[in-house]
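Quick heads-up: it's one chain on its own, the form predicted alone, in structure tokens.
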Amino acid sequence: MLLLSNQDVEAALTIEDCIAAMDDGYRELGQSRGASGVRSEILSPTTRDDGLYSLLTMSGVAPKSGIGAVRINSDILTWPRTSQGIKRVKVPAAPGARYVGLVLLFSVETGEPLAIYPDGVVQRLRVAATCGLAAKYLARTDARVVGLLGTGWQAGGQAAAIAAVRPITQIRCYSPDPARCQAFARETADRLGIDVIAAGSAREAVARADVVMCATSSMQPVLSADWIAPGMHVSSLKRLELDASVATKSDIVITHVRKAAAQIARTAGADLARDTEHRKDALSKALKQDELPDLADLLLNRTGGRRSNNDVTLFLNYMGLGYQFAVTGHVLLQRARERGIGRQLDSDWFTSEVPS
């Protein structure tokens, strides 16, 4: 069994690897050869008055790759009120101010454990790769300028993903925190080798952009339908950061998945989380998300994509799948083995002589 750190994952796995793996993987999923399990979250009171404990699990199997995957998150969640409204924020409350998320890979041939690693880096890569894959098939081929709303952890992945599928020459990013926005622009420019500008407003970031990517933690809309121009490709990671009116301005709307099996158990004291889910459900209904074509439909040509350079295309990346961790895990395991990355553990520690 291979033990990998976030640094190992970053050294072994590229965004290009992930996009290529997802391109193949979603075809398998769309043909019902791959499978994604229930996304389950339990929310419970914790010792913090301003937060809840969250235990989240999701799983998936990619038979073609021979991998089963389980992702587990053990988090402290808070909903602070800011000048921009309420945000959902994970708190690094584990010793050393760290987050807790793990991915476990298993063999579909023997059932044995193959690898275990933190979910931090691969989580960003799989989210980014999904949006990058959608942009590969929906964005104009001559797209060069990106408007990026958000400058956090996920936003960095979004920038890398669009640069991997289109010859981007400029990214204009926006965050309500000017210092953070400037720092993100410098770091992203250095990492990607392209021009990255810190915009003074969300509207300034979006103006004259070919691609608009929303990657915020906002629970209020950050993109106005009035800013949408012909030919744009738009993507969004959070349901509440986008207003349903943006969908009405779009000619082609594709969702990541129509209906992902999900269940949330809430104990007493989870009222704020409950209200948030109600708002998300209302937006999903307004977007008619359950009726939209999904990413697998697009890749398998069961639905049409962009028809002209004037079409506005919209991708809603709103529900993660355990299946994504199986697909990315297969490539990660291959690359790590090829490069001798990681630490070998005795599989006997994780298996048993008696049936479970």
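In case it trips you up, residue 1 is the first one in the sequence shown, and so on. Small disclaimer: the values here were computed from a predicted structure and weren't measured.
Just so it is clear, the following notes concern the form predicted in complex with another copy of the chain, a form of the same protein that is not shown.
*Exactly one of L104, I228, I168, A199 has a non-hydrogen atom within 4.5 Å of another copy of the chain in the model of the complex; which residue is it?*
Looking at the other structure, the residue within range turns out to be L104.
*asked:* Partner absent here, but in the model of the complex, which of 294-302, 34-42, 327-335, 308-316 has residues with a heavy atom within 4.5 Å of another copy of the chain?
replied: Careful reading of the contacts points to 34-42.
*asked:* What I'd like checked is whether Q7, I72 and P113 together line another copy of the chain in the model of the complex, meaning each has a non-hydrogen atom within 4.5 Å of it.
replied: Heavy-atom distance to another copy of the chain in the model of the complex: all three under 4.5 Å.
*According to a 4.5 angstroms non-hydrogen atom cut-off, is K90 in contact with another copy of the chain in the model of the complex?*
K90 belongs to the contact set for another copy of the chain.
_Interface membership of P221, another copy of the chain in the model of the complex, 4.5 Å heavy atom rule_ = Looking in the model of the complex, residue contacts with another copy of the chain do not include P221, since no heavy atom lies within 4.5 Å.
*Would R98 show up as a contact with another copy of the chain in the model of the complex if we use heavy atoms at 4.5 Å?*
Yes, R98 sits close enough to another copy of the chain in the model of the complex that at least one of its heavy atoms falls within 4.5 Å.
*Though only this chain appears here, would W79 touch another copy of the chain in the model of the complex if you measure heavy atom gaps against 4.5 Å?*
No.
_Sequence-ordered residues of 327-356 touching another copy of the chain in the model of the complex, heavy atom within 4.5 Å_ = The stretch 327-356, when checked against another copy of the chain in the model of the complex, contributes R343, L345, D348, W349, F350, T351, S352, E353, V354, P355, S356 at the 4.5 Å heavy-atom cut-off.
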